[in-house]
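Before any questions on how it binds or moves, here is one chain, the form predicted alone, in structure tokens.
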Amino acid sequence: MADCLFCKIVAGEIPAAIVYQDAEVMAFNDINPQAPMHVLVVPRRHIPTLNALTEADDELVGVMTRRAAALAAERGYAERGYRTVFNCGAGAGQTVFHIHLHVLAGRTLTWPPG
């Protein structure tokens, strides 16, 4: 999508601190981190919200989740704990309408989140 921030990052049009990429997903550091580790895992393909996912996307969501776990493990947070969050819609805090999985770690995270 031409006006999507994350599509522009995926396309290399906007720089980002990329920490992982493959044929399906890209992960980069959040520019406004809410924890010492705050990485976003995004699909390369534009999907605006979780509501737009279909059964055909089940594997993609699994890839995103497994990549989040791998990034947490690589940074030493697997045993200490980390949080993954998908926000869906403006009322839930989604500000970029391209699905993305937040991976947060490195500080005590409270519940409920806010």
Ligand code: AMP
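The first residue of the sequence shown is number 1, and the count goes up from there. Owing to the predicted nature of the structure, the values given are computational and were not obtained by experimental measurement.
Just so it is clear, the following notes concern the form predicted in complex with this ligand, a form of the same protein that is not shown.
**Student:** Within 4.5 angstroms, counting heavy atoms, which one of the listed stretches 76-84, 31-39, 62-70, 49-57 is next to this ligand in the predicted complex?
**Tutor:** It is 31-39 that comes within 4.5 Å of the partner.
**Student:** Is there a heavy atom of Gln21 lying 4.5 Å or less from a heavy atom of this ligand in the predicted complex?
**Tutor:** Result no; Gln21 lies far from this ligand in the predicted complex.
**Student:** Any chance Leu5 has a heavy atom within 4.5 Å of this ligand in the predicted complex?
**Tutor:** Within the cut-off, so yes.
**Student:** Is Gly93 part of the interface with this ligand in the predicted complex - any heavy atom within 4.5 Å?
**Tutor:** Close contact exists here: in the predicted complex, Gly93 approaches this ligand to within 4.5 Å, heavy atoms only.
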